[in-house]
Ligand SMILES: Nc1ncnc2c1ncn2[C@@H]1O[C@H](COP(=O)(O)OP(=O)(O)OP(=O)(O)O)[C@@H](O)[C@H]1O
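Have a look below at one chain only, the form predicted alone, in structure tokens format.
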């Protein structure tokens, strides 16, 4: 499906859709990075969130997507890159990511030194959308690069090389979860370089749109039970009864895929959800929730046509 048609289906403001189309026409993609313009496996559903994100990016702003686990932050980021027709560069932050990985480092090519360009450098060069995943895990060395890159001057000083300016089409989208091991508070200077969207929790309508799009051959009433399972786990996680380990939409989707090829639903959900809880007490709670939604006697024919 064309990205703009997906926006029309969700009732996104027509002026925004027109401006996205103009942006795509005005900013051509270099041939060598066309393979980075990819349609996501899953559309993002949420008109208000899409409108906020699109308006910010059209005005040259960078986005920070915050919120709990499984609210669709990365799906939204990937969809935005596709909607704007830009090559996507995914940078997952961890303790070993520093300035060399982001900007580049010296390397030998044909007996002379060249700069092996990093993801931030290439994003700036080709007007890509840089997806800064788990940005609140970035160490100080990496944060210093982000300060310069996200600044209003839109320039990067490469030590020992020329200063480069960001392409007009380049944008950066940061994502972050709260409370993960290794995370920390973002400093005020970095946050000020973003517009922030706090992603809302999933609801039944959105979950059903996702599951029906992915599994058109499934029975709607059965998919409602899987959507309800996710919502039940989301509520228990929000109440502090369980951790977020079992709150895994990817796990539910993967479980449904294995059911499609013949695995009993109960076994599939055990692999996709229950067994991700390593605390025995928590696993018992999640198992009880699963039993209320997925009958043990169910087989493939109870879910798929």
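Since we're looking at a predicted model, the values are computed, not measured. Positions refer to the first chain, counted from 1.
One more form of this protein should be noted, the form predicted in complex with the ligand, which is absent from this view; the next part is about it.
None of the heavy atoms of residue 125 is located within 4.5 Å of the ligand in the predicted complex. Heavy atoms of residue 167 never reach within 4.5 Å of the ligand in the predicted complex, leaving it off the interface. Among heavy atoms of residue 268, none comes within 4.5 Å of the ligand in the predicted complex.
Contact between residue 73 and the ligand in the predicted complex is found at the 4.5 Å heavy atom cutoff.
Just one of 56, 29, 263, 253 comes within 4.5 Å of the ligand in the predicted complex, counting any heavy atom, and that one is 253.
Only one of the listed residues (37, 277, 42, 52) places a non-hydrogen atom within 4.5 angstroms of the ligand in the predicted complex, and that residue is 42.
The stretch among 268 to 276, 29 to 37, 61 to 69, 233 to 241 whose residues place heavy atoms within 4.5 Å of the ligand in the predicted complex is 61 to 69.
For the marked spot (206, 210 and 249), a heavy atom within 4.5 Å of the ligand in the predicted complex is present in each of the three residues.
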